[in-house]
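One chain is shown next in structure tokens, namely the form predicted on its own.
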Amino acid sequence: MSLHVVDHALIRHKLTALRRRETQSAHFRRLLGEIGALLTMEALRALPESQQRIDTPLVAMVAPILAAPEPCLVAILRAGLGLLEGARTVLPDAPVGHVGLVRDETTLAASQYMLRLPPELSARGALLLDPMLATGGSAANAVRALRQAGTRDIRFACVVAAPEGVARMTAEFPDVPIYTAALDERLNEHGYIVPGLGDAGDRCFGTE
């Protein structure tokens, strides 16, 4: 299976604060960014490396460096912007893309309203960011957009995932690894993750 539930005490602690109903928007946004940074570190743990000869202040040595340019960061709007803020603290020079998706609250289907991707995407690959993997519709839509733009090297990072969304993603895109802070119980009748953390976009930007 391509699902990786990140085993990290700091992530679990911050996720508990994120889930609390009383957590205010500014604190929620900060926590989302902090979790985004930690998930980015985990998702990119196994990037290919090479060696380079360098000089330290004391001696010459052979040291590890990335073998290829770091991946593009791609946020699914709007809630993915919260994770993007943290991911950019880890990769401040990485090109950034955005996929705008809106979910029909009746059918739960996601439709794309905006797509802006870096021209280097095909060469660099992408870390796709969205706090929630619920039905899997938005994530699948975004992965298809990235594939059509020319890359197959895609990793997906989210804060909470539902079994239904994981099942859809692993069935449609078994080669896209999923990195999440938690695998929650289920979706409710409205397509929200339970126990979840509510509407991440609204809570992040104070629009609930």
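As the structure is a prediction and not an experimental result, all values here were calculated from the model. Residue positions are given as counts along the sequence shown, with the first one as 1.
This protein has a second form, the form predicted in complex with a small molecule, left out of what is shown; the following refers to that one.
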{"property": "L117, L84, A79, A94 - the one with a heavy atom within 4.5 Å of the small molecule in the model of the complex", "result": "A79"}
{"property": "Partner proximity in the model of the complex: G125 to the small molecule, non-hydrogen atom cutoff 4.5 Å", "result": "no"}
{"property": "Partner contact for V90 in the model of the complex: the small molecule, 4.5 angstroms, heavy atom", "result": "no"}
{"property": "Contact flag, L133 vs the small molecule in the model of the complex, heavy atom cut 4.5 Å", "result": "yes"}
{"property": "Contact of H98 with the small molecule in the model of the complex (heavy atom, 4.5 Å)", "result": "no"}
{"property": "Candidate spot R103, G137 and D199, all three touching the small molecule in the model of the complex (heavy atom, 4.5 Å)", "result": "yes"}
{"property": "Among 175 to 183, 36 to 44, 60 to 68, 137 to 145, the region lying within 4.5 Å of the small molecule in the model of the complex by heavy atom distance", "result": "137 to 145"}
